[in-house]
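Heads up, the chain below is alone and in the form predicted on its own; it's given as structure tokens.
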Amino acid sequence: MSASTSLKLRLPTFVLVLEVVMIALYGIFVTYDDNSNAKLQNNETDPMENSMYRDYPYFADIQVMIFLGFGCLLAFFRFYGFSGMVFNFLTATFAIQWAILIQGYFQFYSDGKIHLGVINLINAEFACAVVLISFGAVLGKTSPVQLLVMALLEIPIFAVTEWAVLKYLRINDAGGSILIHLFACYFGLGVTFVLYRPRLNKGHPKETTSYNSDILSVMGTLFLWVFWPSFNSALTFKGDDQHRAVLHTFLGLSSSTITAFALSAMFNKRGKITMADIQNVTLAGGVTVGASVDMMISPVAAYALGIMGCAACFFGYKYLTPFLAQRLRIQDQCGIHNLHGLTGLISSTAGICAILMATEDTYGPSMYQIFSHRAPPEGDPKLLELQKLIPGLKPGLGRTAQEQALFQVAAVFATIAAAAAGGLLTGLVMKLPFMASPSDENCFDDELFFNVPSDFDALSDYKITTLIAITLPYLPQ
């Protein structure tokens, strides 16, 4: 390892500084919420009504997605399996710690404290997912120090964007298609635009997969697939809204999966199935139902959205990803623009259509609970009538369906703009010379940052003459 990429001082120093800051901030600002504070428990409280029992299953499911799903999925490169899984582990752990503070300030801050409970952890996991999606755009081309810096900067930018959109635009986005998938996608594209490496446009000798790495990656896909209904439904209203979210997510994932198999065989010259399609395209339906996942869109619409998302994702990988790399200087390593960007745009459009078509005939009085900003404002006689039917219904803004749809459109553009600008700025910071960025020839190689086992041999599958011919362009001139 050269001095420019050595982690001996960079990583321990950076982590130590982060930990000192974390200890100080947690000590000053973080306390327990009402459901985790022993002082508030007495003989009138029922331990089984604690929010822990309602929220923990979702927390556990999303934990599996974050650490096993993303971790295994990112281990598809033959010589980058350690880095894909372990850097995901490192980045996710820090991102959740940091998001508890940043997200907590905007959502759970009162009396000078952030009140910590399991629901905070779920919100922090969503913020962490944003970082890990963005990580996919720069996989194989960054150091762990750069990834920690990306998480350090992306979490606050995401939290501010989310707060501003929810506070001032007041949108519906139960599955996070706008605020999670679109934000993460365009933030990651902004970063990779700044970190553009022209010599990698034609590929790299170690940018390959293997039988075992592809199997491991598919395991990650299966973890994400199985637990995606929890991801989409975790923050929806309990009851029928959450029930619909689970149903729609499963239908969307199911239709996108079988469509992915069909398209993969159809567009393969030899009529065979491509593993990259199974690893990524099968998940598209989970994103495309996200913005409307808790709405009365009908099961057939969820099924159709899965097919549409799959098709967009598949053709994006086939045609759009090479175009972005060659013409727009965007080397999207994992194709996040296809799986999260294109599908996020489809999902946002579907959500807008669902809002425009929502009526009391379809939803009954609960329409004003699902679309809370369409509820009558304080003082409106209709609000009192609705509160008799739905106790606890809060006053809304009295928006029409058309007005709410326009705010949804505004949120899409605002989120993309904030994410892209934040990604460009973060990329500039990550490009600083002391960030231990790997050279072009050392990308996609575990040996740069890890003590690899004795049976790790990056050269074993290449004839020496072929290797020399491929590697020469990457050697220092």
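In this text, all values refer to a predicted model and were calculated from it rather than measured experimentally. The first residue of the sequence shown is number 1, and the count goes up from there.
Below: the form predicted together with a further copy of the same chain, not depicted.
- With a further copy of the same chain omitted here, the record of contacts in the model of the complex names 229-237 of 102-110, 229-237, 329-337, 349-357, defined by a heavy atom within 4.5 Å.
- Shown without its partner, this chain lists 303, 163, 196, 407 as candidates; in the model of the complex, only 303 has a non-hydrogen atom within 4.5 angstroms of a further copy of the same chain.
- Remark: residue 6 counts among the residues lining a further copy of the same chain in the model of the complex, judged by a heavy atom distance of 4.5 Å or less.
- Although the partner is absent from this view, residue 439 stays clear of a further copy of the same chain in the model of the complex, with no non-hydrogen atom inside 4.5 angstroms.
- Taking non-hydrogen atoms only, residue 169 never approaches a further copy of the same chain to within 4.5 angstroms in the model of the complex.
- Taking non-hydrogen atoms only, residue 282 approaches a further copy of the same chain to within 4.5 angstroms in the model of the complex.
- Shown without its partner, the chain has 446, 447, 448, 449, 450, 451 in segment 436-452 as residues with a non-hydrogen atom within 4.5 angstroms of a further copy of the same chain in the model of the complex.
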